[in-house]
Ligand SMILES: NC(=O)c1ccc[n+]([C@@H]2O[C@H](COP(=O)([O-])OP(=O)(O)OC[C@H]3O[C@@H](n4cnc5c(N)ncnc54)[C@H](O)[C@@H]3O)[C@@H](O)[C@H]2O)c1
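Just one chain is shown here, as structure tokens, and it is the form predicted alone.
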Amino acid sequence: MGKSLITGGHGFIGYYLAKLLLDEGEQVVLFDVAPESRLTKGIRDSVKIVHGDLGDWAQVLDVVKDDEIDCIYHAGALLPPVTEQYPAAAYAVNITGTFNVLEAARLFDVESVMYLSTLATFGRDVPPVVPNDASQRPPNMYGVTKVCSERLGEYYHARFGVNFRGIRFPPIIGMGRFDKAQSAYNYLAIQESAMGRPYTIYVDRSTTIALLYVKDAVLGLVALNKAEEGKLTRRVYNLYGFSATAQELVDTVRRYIPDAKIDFKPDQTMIRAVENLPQKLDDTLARRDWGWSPRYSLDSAVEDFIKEVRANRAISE
């Protein structure tokens, strides 16, 4: 039985990852500067919770040392629009925080560091299907911090032998996501409909975006952590689930909730923000090197999402 540390543990991904690791018999430590969330209240008795700041070198080192951590799942980060409003804070959390995690892993011989990156590391000057090794020229501070963290991880692997592995995710949907990123309309259209509330989508019906269901995202992280080192050809891999237009998303929601009250009021600023994101990531290398394959399609993801919201209504209130 190993012991895993999840930075940003009170967040959306942290919750699903903790549940999966607990199911596999792992001991789990959640590290977060934020207070306990509606999500993690449900698992508080099964995990250890440590309040701490990623930007504080001593606090990061202490939790890794004191809890004798085997694997760090580094999910903690500031997200847009906060990263764009407060670039200094984004640097402190997303870049200095990653440096602190890698230093702790080096000093205390942590077996692996699993890093959560994003398709936002790519700008608009990429092909429609973005290769794993495409040039990364992100247009915003969030993407810049993620590219920098990828390079830091690769350096620590090459220079110090830290077993750094990362995944670039498309926007992730699922019950319990609460943010205002440009992709938020995807989860909100499903969540609000499942709760019986109306929702207005702020992009065009034809606006297309790549998505991944949260349960696939955490399965991918754990699978990469277990992958044989000799089969890996990269330190960071693209993952991809499915792409959908806003209208396809609405049509799928109405397949399960026929009376869903969803309408459109396009906002050109938000449309441009979404269009800055690639429409698809090429995950061929992940499929070849460690057997990645998503379990959820748009249809099955929406169906499961609705079931999760209705079974956990207090979380989405």
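Since the model is a prediction, treat every value here as computed from it, not as a measurement. Numbering starts at 1 and runs along the sequence shown.
What comes next is about the form predicted in complex with this ligand, which does not appear here.
- Just one of Val218, Leu102, Ala75, Val236 comes within 4.5 Å of this ligand in the predicted complex, counting any heavy atom, and that one is Ala75.
- Here is the short version: of Ile172, Ala194, Val203, Ala244, the single residue with a heavy atom within 4.5 Å of this ligand in the predicted complex is Ile172.
- In the predicted complex, at least one heavy atom of Asp53 sits within 4.5 Å of a heavy atom of this ligand.
- This ligand is not shown here, but in the predicted complex it comes within 4.5 Å of a heavy atom of Val93.
- Mapping the unseen interface onto this chain, Val33 counts among the residues with a heavy atom inside 4.5 Å of this ligand in the predicted complex.
- The shortest heavy atom separation between Ala134 and this ligand in the predicted complex exceeds 4.5 Å.
- Comparing 113 to 121, 236 to 244, 126 to 134, 156 to 164 against this ligand in the predicted complex, the single stretch with non-hydrogen atoms within 4.5 angstroms of it is 113 to 121.
- Although this ligand is not shown here, in the predicted complex the stretch 10 to 48 places heavy atoms of His10, Gly11, Phe12, Ile13, Gly14, Phe31, Asp32, Val33, Ala34 within 4.5 Å of it, in sequence order.
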